[in-house]
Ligand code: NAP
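Coming up is one lone chain in structure tokens, specifically the form predicted alone.
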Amino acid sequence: MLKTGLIGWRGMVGSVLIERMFSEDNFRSIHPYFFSTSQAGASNPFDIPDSQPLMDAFDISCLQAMDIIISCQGSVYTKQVYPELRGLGWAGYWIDASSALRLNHDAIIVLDPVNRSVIDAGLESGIKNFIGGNCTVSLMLMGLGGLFKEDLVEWASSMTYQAASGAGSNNMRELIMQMGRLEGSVSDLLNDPKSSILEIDRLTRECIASDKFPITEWNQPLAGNLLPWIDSEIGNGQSREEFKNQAETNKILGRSNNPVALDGLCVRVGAMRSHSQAVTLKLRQDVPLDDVHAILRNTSVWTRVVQNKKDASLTELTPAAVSGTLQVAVGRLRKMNMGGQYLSAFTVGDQLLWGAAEPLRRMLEIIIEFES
């Protein structure tokens, strides 16, 4: 069995990955070694036969002994350890959740329900770096990938509604703290049906503006608010998160030399762990809506097309409906007033599953199959 090192397994994405690996019985197919950046030598916390104590995630000699390394530790770790490891001649497979290597020429962004042919060609050509994609890009393609695979998309503009989980576990905690602080500031009035809603609104606005409102992680209020900028500025009016839309979508699809134009705005909202996005697509031809539905259903077994009706949209096409599941819902599908080539869509999926952990887990399975 392949020696597989796991790094960053205590974090949010890593925890979801380990949970999925146990659920799918992946540990029976590998010889796992758990690495830690801070607790090397401690007992392995998992009930796995022949498990070893935690290994030092900065011990290059130990890492060199691995056939596969899966890192959910983040870009800082990758940038420190990966070059040294490769520089010493390590020829194993590197699977990474971070963005550090995504756009490298010798790396493939993995989303196998959409780009399995690209992954297979990479393996055959000797590629050893397989990187998880940006969460919103991956979720968009899990919903709408069929249209891209059929080369029906001339351009697309996405307006994202990204959950707190995309910023990390501490940010999720702070969002809940903010919600609790808001409720607490008006709890007496909420319990009085005769109270004025304008007074409740005034007090909540004062609470949000107070210097005691918890904004250590976000630096801004998110509860009762939204944040119309995600990630750093890149100098052209885009955020780095918005740049990833076109760059990563086309790399996933293997068409960096013939890119589809994609753009849009990325917005943080008060959802907990599922990202949504409203997408406007210009198709290369006027495809009947029934055919669009059929193409989208064929994107993957996890893609669920939701009827463009009020009740279905409100019950099936929301972060609350899909969080904790592998289903990616796509709905609000209709031809737009601009003409038959213009299509509106709305997608939603769990940022921690298909947006992060699941493509890595499945890439591990693909490598095991390839090496067997």
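Counting begins at 1, following the sequence as shown. All figures in this text were calculated on a predicted structure; none of them were measured in a lab.
We do not show the form predicted in complex with this ligand, though everything after this point is about it.
Listed range touching this ligand, judged in the model of the complex by heavy atoms within 4.5 Å, from 122-130, 175-183, 92-100, 146-154: Checking each option against the 4.5 Å cut-off leaves 92-100.
Pro221 within 4.5 Å of this ligand in the model of the complex, heavy atoms: Answer no; every heavy atom of Pro221 is more than 4.5 Å from this ligand in the model of the complex.
Touches this ligand in the model of the complex: Ser256 (any heavy atom, 4.5 Å): Ser256: no contact with this ligand in the model of the complex.
Distance check, Gly5 to this ligand in the model of the complex, heavy atom within 4.5 Å: No, Gly5 sits far enough from this ligand in the model of the complex that none of its heavy atoms falls within 4.5 Å.
Asn170, heavy atom within 4.5 angstroms of this ligand in the model of the complex: Close contact exists here: in the model of the complex, Asn170 approaches this ligand to within 4.5 Å, heavy atoms only.
Of Asn298, Ser239, Thr280, Ser75, the one that lies within 4.5 Å of this ligand in the model of the complex (heavy atoms): Looking at Asn298, Ser239, Thr280, Ser75 one by one, just Ser75 meets the 4.5 Å heavy-atom criterion.
Among the candidates Val348, Met21, Leu364, Leu352, the residue which, in the model of the complex, approaches this ligand to within 4.5 Å (heavy atoms): Flagged contact: Leu352.
Residues of 35-52 having any heavy atom within 4.5 Å of this ligand in the model of the complex, listed in sequence order: In sequence order, Ser36, Thr37, Ser38 come within 4.5 Å of the partner.
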